[in-house]
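Read the single chain below, which is given as structure tokens and is the form predicted on its own.
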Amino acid sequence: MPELPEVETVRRGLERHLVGRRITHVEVGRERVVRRTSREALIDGLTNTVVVGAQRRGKYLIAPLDSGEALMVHLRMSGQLLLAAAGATRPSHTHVVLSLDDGSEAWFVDPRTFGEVVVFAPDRVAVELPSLAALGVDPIADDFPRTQLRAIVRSTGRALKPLLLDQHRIAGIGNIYADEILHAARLRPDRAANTIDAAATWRLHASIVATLDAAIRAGGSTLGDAQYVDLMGAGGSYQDQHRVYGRAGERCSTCGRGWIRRTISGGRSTHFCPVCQH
């Protein structure tokens, strides 16, 4: 699933190529991707509107429109947003096509159809998109002081990794970056959050910001399935900088002493070094 760095990379592409464009025509194929409303609601809400911004909250893309409404796209497991010239051959599983006034098209492609495309009223977000309204702090888009993270970790005895994955607490971090963040902070993923001291909390805060910033600069992580690509179809390169994720059985490149372990909890894989993470 694309996480904060991948979605931020797509957002930046939208900011460059979609903002200021008028949507002249809308096609909706598989109705599952508009299941929150309807095919008609998406077509009526987007046709002849101008995109006036490109925003992100956690893993959600939001594009305000000149109508006063906004477009929301959630890529979920396998969704892609791609930009192409009108008439170009569309990939399989292209479920939404936005024709733009400059002769280009924006495609929403999603083989597994878990993703969503919705037009909503921002002043009714709590009713129309409660999952978006319930997101916690975004560590890149929002002000994120160390004291805020300190309050979050002190409030619970949950293990650190599930806490980082809790979108109601901190928005945008998923499995890949939780592993990389905790490794950089030298903290075990199963460590109880309220047992870490102030110094460890400051390390964790610095690791969250630095890891996400570095991944954004690299255009995100494109894994072997190549499901994540940016707006122009290019993959990211941060996977080349992963220290633990996907490296089970390898010598830890940080401490040089431990061997990366992979465990499964709640159906999710976790990668860590038992020597340099405590």
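One-based numbering along the sequence shown. Here the structure is a predicted model, which is why all the values come from computation and not from measurement.
The discussion below concerns the form predicted together with the DNA, not included here.
Distance criterion of 4.5 Å from any heavy atom to the DNA in the model of the complex singles out 268 from the list 22, 268, 16, 257. A heavy atom within 4.5 Å of the DNA in the model of the complex is found for exactly one of 167, 104, 207, 94: 167.
Segments offered: 138 to 146, 184 to 192, 112 to 120, 198 to 206. Contacting the DNA in the model of the complex at heavy atom distances within 4.5 Å is 112 to 120. A residue is said to contact a partner when one of its heavy atoms sits within 4.5 Å of a partner heavy atom; residue 32 meets this definition for the DNA in the model of the complex. Mapping the unseen interface onto this chain, residue 76 counts among the residues with a heavy atom inside 4.5 Å of the DNA in the model of the complex.
In the model of the complex, at least one heavy atom of residue 222 sits within 4.5 Å of a heavy atom of the DNA. Contact between residue 55 and the DNA in the model of the complex is not found at the 4.5 Å heavy atom cutoff.
In sequence order, 156, 158, 167, 169, 174, 175, 176 are the residues of 143 to 179 having a heavy atom within 4.5 Å of the DNA in the model of the complex; the partner itself is omitted from this view.
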